[in-house]
Structures are given as C-alpha cells and as structure tokens.
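Just one chain follows, in the form predicted alone, and it is written as structure tokens.
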C-alpha cells in the first residue's frame, strides 16, 4: 500500500517541477518582449559604428562598445581576450565590365571577395569561360589558361534548407580561385551565394591554397550572372575587364569580448553564448552577426534581471574574425584548453535575427536527447525544430573538449537576401523576432544550467 501512495506523490512532484520550470521560461520571454534593450543596442552597433571588418577602426570601436555595455549591465567579470586577426582592405570601388559581346558594353554589379588580391590599377581584360561548378573546372582545364573563369553554380532554389543549399554551393567561392589558377586562369567571377534573383552582389571570403598562384576574385549579382551566361550562349568570345584595388595587410591586434556571470556551484564549468562581432565591410552587419552578439549579451542580462543566479559560470562571448579567418573562435578554444576551463555547452546565434523556430546541435546522443526533451517548454513560444545538426563556426573549435555545440535556428528563408551584402542593415531586423531569439537563448541557458553534466 505504501508503494501505491508513493508513486502518485512522486508524479505530482515531477509535474510541479515541470510547471515551475515552464513558469520560469515564460518569465524570460515576457521580460524580453516587454522590457528588452536588445533592439536599440543593435541599432547603436549598426548606425553609430557600422560595418566592422577585422582589423578596421570600426571593429575596434565595436570591441569597446560591447565591453562597456556588459560593464554597464553589471556582469560579474568583463574582459578582453587578445587575438591577432588578418587585416584586409577593399580599396576603391570594383569595376567589372563586359567589354565585348552582342549587347555591347555592360557594367556588372560586383564586390571583390574577402582576402582576394587586387588586379592593380591596370586591371585584367580577358575572355570568359563559364563553368557550373568545381567539377567542371577539371573537365575544361585545357581551355582556362589566360581566361577569366565564371563560376555560375547556383544555390539550389528548390532546397528548403537554405543553409544546406549554401553549403553545397559555397565551395566555388571558397576555393574556385585556386582551382582555376591551377590551370592558368587570370581571375575568377563567382555567382553570388543567394537563392534570390536580384541586383545585390554578395561578398564573402576565399581561401588561397598553399603553393598555388593567387588570382583576383569577384562576385556578381545573380541577375548579372544570368545576363552574362546568356551573352556567353550567344556571343563567342565574351570579354570582361576587371579592376579591383583590394589588398592584405599585416595582421593586427584585436580581441574577443567576454562578459561573465559567475557560477555558484560549478564555477569552473562554463556555458558560452554569443555571436561574432566582426562583419563584412559593406552594409551594417545587422543580421551577420550584430543580431547574434546583441542576443548573447541580452541572454545574460535577462538571467541577471530575473535573479536567476547560475550554478555554472555563464559567458557572453563576442568572437572576432569569423568572416575572414576564424581567429577568435580558435583562440577562445585554445585558451580554454590551456586554462583547464571545462565548457559544458556553447550556443551561437549566426543565422540572422529572424523568427526563432528551434535549435540545431552537435554532440553525443545523450546530449541531443536532453535538448529534445526540453522541446515542450519552447512550444508555447513557437520553437519546434530540435533535430537538425549544426552549431556555429566560432564554437566549433570547442568540440575537441566534448562541448555540446548548439545553434539558434531562426526561419532561414530570408537570410540569404542580405548575407554579406550592402543590404544587411538595421532596418531589415524585426524587433520582436530579435527579442524572441534572445529569450530563446536565455531560456536554453537556464535549462542547461539547472542540470549536472
């Protein structure tokens, strides 16, 4: 009889714990949606500081701003972690012009790719060869010497998972220049990495392979890519003139910016949350990744404001140099290893400030099962997707110590309209969606912190 009485009592206790947890989660969201400063904080970053490429004065200003913001919020510790970062400059505006075709001369909307060398003031003029992707370079290798190679492989428009479509296509941007240079090409043109058909060129970094010739690389808008492809079908040959003035300078000192709430029970076990502070040198870096940085800071502010003192030490981290090097994430993981800091979990927001629909994750089956079990707490706030793999570029290096890697998952259908473009500005971010993302990160931090790992 005693056992029959005990089971309902235990069940009631579990229900009560669940109700209390849900109540706390709801309070986090209510605070974010009624009193959050995350949106004006992002406005300041975008409008007063602007785009913040690693090594630039604006990147240094962003370091100072986010450091002071976390000091003003009264976080237990705020500090700068030194990181040496690459210093690439775009220089004067790019010129990419069709100089010979059936349609006559035509200027194409273009941006040099990050880390690319420039053409110099005399530019490069040559015939164009179109390829649909990296595999076709090998097939046409005998035709590429002395040519400009045009990579026209699109992000698959029918793929609902936009980041998957991006991952499949972006290899052209990352390694196309080195692959074409191997066969004597003079320069490359890349179709912008977006599923949209518009006039907005998208920049992004390339990676020159060691011991390979380095050649200039530019991206053109998707509409111009279609125009160029049509000209190549009707005109033989088509010639293009490219002039860029970008250059790589010596590395400079920069910093990861870290704010911390000290843990009461497990001070030497860490949870990290945040985004990357640097952005490309066009637009304002609103979605990529000002939103993620402000959400990371806001997640800690929400916990502190609501008096949810953490058991583990929780950090908001503004990683530097994600866009064209990854130095910040690498340095953070290396110093954590050197200092013996056990990172239980890390959450990154680097998919834009759009409506959150769930979390991606990379970890053990047990870790992923715990995350999936919390889905019910987020359903009232619209988050339902907890099964996709992923994490974030900046937190990726923490995987070597077994850290559970988590990415905030917003609706991704609009992100690649703005990604790496001049259109990535504050006005494209919705206040309520940004607040919901910050609350989701804070709520997940709270749940992770309550458990022993």
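For clarity, every value in this text was computed on a predicted model and none was experimentally measured. Numbering follows the first chain given and starts at 1.
Not on display, but discussed next: the form predicted in complex with another copy of the chain.
- The three residues 56, 93 and 253 each lack any heavy atom within 4.5 Å of another copy of the chain in the predicted bound form.
- Residue-level contacts in the predicted bound form: of 119, 205, 162, 313, one residue has a heavy atom within 4.5 Å of another copy of the chain, and it is 162.
- Between another copy of the chain and the residues 355, 174, 337, 212, the one pair within 4.5 Å by heavy atoms in the predicted bound form involves 355.
- Of the candidate stretches 302 to 310, 152 to 160, 243 to 251, 214 to 222, only 152 to 160 has residues whose heavy atoms lie within 4.5 Å of another copy of the chain in the predicted bound form.
- Although the partner is absent here, residue 25 lies well away from another copy of the chain in the predicted bound form, with no heavy atom inside 4.5 Å.
- Contact check for residue 33: a non-hydrogen atom falls within 4.5 Å of another copy of the chain in the predicted bound form.
- For residue 381, a non-hydrogen atom is located within 4.5 Å of another copy of the chain in the predicted bound form, even though that partner is not displayed.
- Interface residue remark: residue 67 is not counted as part of the site for another copy of the chain in the predicted bound form, having no heavy atom within 4.5 Å.
- Counting a residue when any of its non-hydrogen atoms is within 4.5 Å of another copy of the chain in the predicted bound form, the one hit in 184 to 220 is 195.
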